[in-house]
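The chain below stands alone and is given in C-alpha coordinates; this is the form predicted alone.
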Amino acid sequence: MDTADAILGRRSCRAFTAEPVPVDTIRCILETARRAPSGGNLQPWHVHVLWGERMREFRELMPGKVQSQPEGEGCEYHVYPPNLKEPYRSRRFKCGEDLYATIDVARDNRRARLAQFAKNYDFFGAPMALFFTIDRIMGPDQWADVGMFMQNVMLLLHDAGLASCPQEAWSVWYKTVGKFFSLPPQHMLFCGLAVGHADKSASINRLITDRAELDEFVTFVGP
(Lines give C-alpha, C1' and ligand atoms only; values in the text may rest on other atoms or scores of the structure.)
Protein backbone atom coordinates (compact mmCIF):
# COMPACT_ATOMS: atom_id res chain seq x y z
CA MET A 1 0.00 0.00 0.00
CA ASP A 2 1.21 3.50 -0.82
CA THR A 3 2.20 5.46 2.31
CA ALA A 4 -0.13 8.35 1.48
CA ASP A 5 -3.03 5.90 0.98
CA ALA A 6 -2.33 4.36 4.38
CA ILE A 7 -2.31 7.78 6.07
CA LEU A 8 -5.51 8.90 4.33
CA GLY A 9 -7.27 5.57 4.84
CA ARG A 10 -6.55 4.98 8.52
CA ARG A 11 -9.50 5.62 10.85
CA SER A 12 -10.13 5.25 14.57
CA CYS A 13 -12.45 2.24 14.62
CA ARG A 14 -15.13 2.11 17.32
CA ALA A 15 -16.91 -1.09 16.35
CA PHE A 16 -15.07 -4.35 15.66
CA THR A 17 -16.08 -7.85 14.64
CA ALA A 18 -15.13 -10.86 16.75
CA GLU A 19 -12.86 -12.24 14.01
CA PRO A 20 -9.54 -13.09 15.69
CA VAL A 21 -6.22 -11.49 14.79
CA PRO A 22 -3.24 -13.86 14.37
CA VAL A 23 -0.62 -12.96 16.94
CA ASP A 24 2.09 -13.65 14.35
CA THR A 25 0.67 -10.79 12.28
CA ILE A 26 1.07 -8.42 15.22
CA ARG A 27 4.56 -9.71 15.88
CA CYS A 28 5.55 -8.90 12.29
CA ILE A 29 3.96 -5.45 12.52
CA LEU A 30 5.83 -4.65 15.73
CA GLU A 31 9.06 -5.91 14.19
CA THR A 32 8.65 -3.34 11.42
CA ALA A 33 7.23 -0.53 13.59
CA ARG A 34 10.28 -0.59 15.86
CA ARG A 35 12.16 1.25 13.10
CA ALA A 36 10.38 4.41 14.27
CA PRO A 37 12.78 7.30 15.00
CA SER A 38 13.60 8.28 18.57
CA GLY A 39 15.98 10.90 19.91
CA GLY A 40 19.36 9.30 20.67
CA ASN A 41 17.79 5.98 19.61
CA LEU A 42 16.38 5.60 23.14
CA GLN A 43 13.39 3.60 21.85
CA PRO A 44 11.41 4.54 25.00
CA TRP A 45 8.33 2.43 24.25
CA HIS A 46 7.15 -0.83 25.78
CA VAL A 47 4.16 -2.83 24.55
CA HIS A 48 1.92 -5.46 26.13
CA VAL A 49 -0.14 -7.46 23.60
CA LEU A 50 -3.40 -8.85 24.98
CA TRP A 51 -5.59 -11.47 23.29
CA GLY A 52 -7.29 -14.81 23.76
CA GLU A 53 -8.09 -16.12 27.22
CA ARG A 54 -6.18 -13.34 28.93
CA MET A 55 -8.24 -10.78 27.00
CA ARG A 56 -11.40 -12.49 28.24
CA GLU A 57 -10.12 -12.34 31.82
CA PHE A 58 -9.32 -8.66 31.51
CA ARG A 59 -12.70 -7.89 29.96
CA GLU A 60 -14.46 -9.54 32.88
CA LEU A 61 -12.73 -7.18 35.31
CA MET A 62 -14.03 -3.99 33.79
CA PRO A 63 -17.88 -3.84 33.97
CA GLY A 64 -17.98 -3.95 37.76
CA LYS A 65 -15.16 -1.43 38.05
CA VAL A 66 -16.77 1.01 35.63
CA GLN A 67 -20.10 0.69 37.43
CA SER A 68 -18.62 1.30 40.89
CA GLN A 69 -16.11 3.98 39.79
CA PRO A 70 -17.50 5.74 36.70
CA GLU A 71 -14.69 8.31 36.79
CA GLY A 72 -11.98 5.66 37.06
CA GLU A 73 -8.98 5.64 39.38
CA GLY A 74 -7.65 9.09 38.58
CA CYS A 75 -5.01 9.83 35.99
CA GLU A 76 -1.24 10.21 36.05
CA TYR A 77 -1.27 12.78 33.27
CA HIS A 78 -3.72 15.19 31.65
CA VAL A 79 -5.15 13.72 28.47
CA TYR A 80 -6.12 17.29 27.55
CA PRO A 81 -4.69 20.47 29.09
CA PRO A 82 -6.91 22.06 31.75
CA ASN A 83 -8.86 25.09 30.48
CA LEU A 84 -8.38 24.12 26.85
CA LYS A 85 -8.27 27.27 24.71
CA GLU A 86 -9.29 27.98 21.13
CA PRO A 87 -9.08 26.63 18.50
CA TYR A 88 -8.46 23.36 20.32
CA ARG A 89 -11.60 23.53 22.45
CA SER A 90 -13.85 23.92 19.41
CA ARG A 91 -12.08 21.13 17.57
CA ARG A 92 -12.59 18.75 20.47
CA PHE A 93 -16.24 19.77 20.84
CA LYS A 94 -16.99 19.24 17.14
CA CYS A 95 -15.25 15.88 17.15
CA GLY A 96 -17.54 14.72 19.95
CA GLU A 97 -20.66 16.11 18.29
CA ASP A 98 -19.80 14.48 14.97
CA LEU A 99 -19.09 11.16 16.68
CA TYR A 100 -22.39 10.98 18.54
CA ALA A 101 -24.29 12.16 15.47
CA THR A 102 -23.25 8.97 13.67
CA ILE A 103 -25.23 6.95 16.24
CA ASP A 104 -28.07 9.48 16.64
CA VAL A 105 -27.28 10.36 20.25
CA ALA A 106 -28.36 13.88 21.19
CA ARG A 107 -26.16 16.13 23.29
CA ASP A 108 -28.60 16.09 26.22
CA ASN A 109 -28.75 12.27 26.27
CA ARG A 110 -26.07 11.89 28.89
CA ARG A 111 -26.86 8.25 29.65
CA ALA A 112 -26.41 7.17 26.02
CA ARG A 113 -23.20 9.17 25.72
CA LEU A 114 -21.74 7.57 28.81
CA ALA A 115 -22.78 4.14 27.57
CA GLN A 116 -20.98 4.73 24.29
CA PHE A 117 -17.87 6.02 26.08
CA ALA A 118 -17.89 2.95 28.35
CA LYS A 119 -17.42 0.80 25.25
CA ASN A 120 -13.78 1.90 25.40
CA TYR A 121 -13.39 -0.52 28.29
CA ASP A 122 -14.60 -3.41 26.15
CA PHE A 123 -12.17 -2.32 23.39
CA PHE A 124 -15.23 -1.63 21.22
CA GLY A 125 -15.51 -5.39 20.78
CA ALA A 126 -11.98 -5.86 19.41
CA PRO A 127 -10.37 -9.29 19.95
CA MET A 128 -6.91 -7.88 20.65
CA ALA A 129 -5.39 -4.87 22.40
CA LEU A 130 -1.97 -3.32 22.78
CA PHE A 131 -0.99 -1.30 25.84
CA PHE A 132 1.85 1.20 25.56
CA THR A 133 3.95 2.23 28.55
CA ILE A 134 6.94 4.51 29.02
CA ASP A 135 9.63 4.75 31.68
CA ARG A 136 8.81 7.47 34.22
CA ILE A 137 12.20 9.13 33.80
CA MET A 138 11.30 10.10 30.23
CA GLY A 139 10.15 13.58 29.23
CA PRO A 140 8.01 15.20 26.49
CA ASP A 141 10.53 14.40 23.75
CA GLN A 142 10.31 10.69 24.49
CA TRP A 143 6.51 10.79 24.68
CA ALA A 144 6.62 12.18 21.13
CA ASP A 145 8.83 9.21 20.18
CA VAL A 146 6.19 6.80 21.50
CA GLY A 147 3.62 8.62 19.37
CA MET A 148 5.72 8.08 16.24
CA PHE A 149 6.08 4.40 17.11
CA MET A 150 2.32 4.09 17.58
CA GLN A 151 1.68 5.81 14.24
CA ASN A 152 3.90 3.21 12.58
CA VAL A 153 1.88 0.46 14.26
CA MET A 154 -1.48 1.90 13.19
CA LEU A 155 -0.43 2.47 9.58
CA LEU A 156 0.99 -1.04 9.34
CA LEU A 157 -2.23 -2.45 10.80
CA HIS A 158 -4.21 -0.59 8.15
CA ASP A 159 -1.87 -1.92 5.46
CA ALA A 160 -2.55 -5.45 6.75
CA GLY A 161 -6.30 -4.96 6.43
CA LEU A 162 -6.81 -4.45 10.16
CA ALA A 163 -8.41 -1.60 12.08
CA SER A 164 -7.37 0.09 15.31
CA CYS A 165 -8.39 2.72 17.82
CA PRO A 166 -5.92 4.49 20.11
CA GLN A 167 -7.46 4.76 23.58
CA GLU A 168 -6.13 7.27 26.07
CA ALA A 169 -9.32 6.47 28.00
CA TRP A 170 -7.34 3.66 29.63
CA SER A 171 -5.18 6.22 31.44
CA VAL A 172 -7.86 6.54 34.16
CA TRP A 173 -7.54 2.81 34.88
CA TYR A 174 -3.76 2.81 35.23
CA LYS A 175 -3.85 0.94 38.54
CA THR A 176 -6.00 -1.87 37.15
CA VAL A 177 -3.91 -2.15 33.99
CA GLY A 178 -0.68 -2.00 35.98
CA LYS A 179 -1.78 -4.76 38.32
CA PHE A 180 -3.06 -7.00 35.54
CA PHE A 181 0.18 -6.81 33.58
CA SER A 182 2.40 -6.66 36.68
CA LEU A 183 3.95 -3.46 35.38
CA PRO A 184 7.15 -2.50 37.18
CA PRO A 185 6.83 0.72 39.23
CA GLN A 186 8.99 2.65 36.78
CA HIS A 187 6.58 1.98 33.89
CA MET A 188 3.83 4.55 33.30
CA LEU A 189 0.77 3.65 31.23
CA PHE A 190 0.29 5.88 28.20
CA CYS A 191 -2.68 4.35 26.40
CA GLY A 192 -4.27 1.31 24.86
CA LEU A 193 -4.88 0.39 21.23
CA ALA A 194 -7.86 -1.74 20.22
CA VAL A 195 -7.01 -3.99 17.25
CA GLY A 196 -9.18 -6.13 15.01
CA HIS A 197 -11.38 -6.15 11.94
CA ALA A 198 -13.72 -3.20 11.49
CA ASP A 199 -17.45 -3.81 11.57
CA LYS A 200 -18.25 -2.20 8.23
CA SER A 201 -21.98 -2.17 8.98
CA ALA A 202 -21.53 0.08 12.05
CA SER A 203 -22.49 3.69 11.37
CA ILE A 204 -19.97 4.97 13.92
CA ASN A 205 -17.16 3.70 11.71
CA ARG A 206 -18.19 6.07 8.95
CA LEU A 207 -16.94 9.05 10.94
CA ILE A 208 -14.22 11.05 9.21
CA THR A 209 -12.99 13.80 11.51
CA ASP A 210 -12.11 17.25 10.20
CA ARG A 211 -8.59 18.54 9.68
CA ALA A 212 -7.52 22.18 9.73
CA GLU A 213 -6.65 23.83 6.44
CA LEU A 214 -2.94 24.07 5.68
CA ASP A 215 -2.86 27.85 6.13
CA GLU A 216 -4.06 27.45 9.72
CA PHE A 217 -0.97 25.62 10.89
CA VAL A 218 1.79 26.06 8.30
CA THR A 219 4.09 29.05 7.79
CA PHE A 220 6.26 28.89 4.69
CA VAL A 221 9.51 30.85 5.09
CA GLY A 222 11.47 31.22 1.85
CA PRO A 223 12.71 30.92 -0.77
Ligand SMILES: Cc1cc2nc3c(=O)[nH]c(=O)nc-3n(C[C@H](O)[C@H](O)[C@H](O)COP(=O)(O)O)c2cc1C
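Nothing here was measured: the structure is a model prediction, and the numbers come from that model. Numbers follow the displayed sequence, beginning with 1.
Heads up, the form predicted in complex with the named molecule isn't pictured, but that's what we're talking about next.
Participant: If contact means any heavy atom within 4.5 Å, which of 104-112, 118-126, 136-144, 82-90 contacts the named molecule in the model of the complex?
Facilitator: Answer to the contact question: 118-126.
Participant: In the model of the complex, does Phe190 come within 4.5 Å of the named molecule, counting heavy atoms only?
Facilitator: Residue-level check for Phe190: yes, a contact with the named molecule.
Participant: Please tell me whether any heavy atom belonging to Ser201 falls inside 4.5 Å of a heavy atom of the named molecule, as the geometry stands in the model of the complex.
Facilitator: Residue-level check for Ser201: no, no contact with the named molecule.
Participant: Quick check on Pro166: any heavy atom within 4.5 Å of the named molecule in the model of the complex?
Facilitator: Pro166 belongs to the contact set for the named molecule.
Participant: Although the partner isn't part of this model, could you tell me whether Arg206 comes within 4.5 Å of the named molecule in the model of the complex, counting any heavy atom of the residue?
Facilitator: Flag for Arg206 set to no.
Participant: What residues in 1-33 sit within 4.5 Å of the named molecule in the model of the complex, counting heavy atoms only?
Facilitator: Heavy-atom contacts within 4.5 Å come from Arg10, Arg11, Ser12, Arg14.
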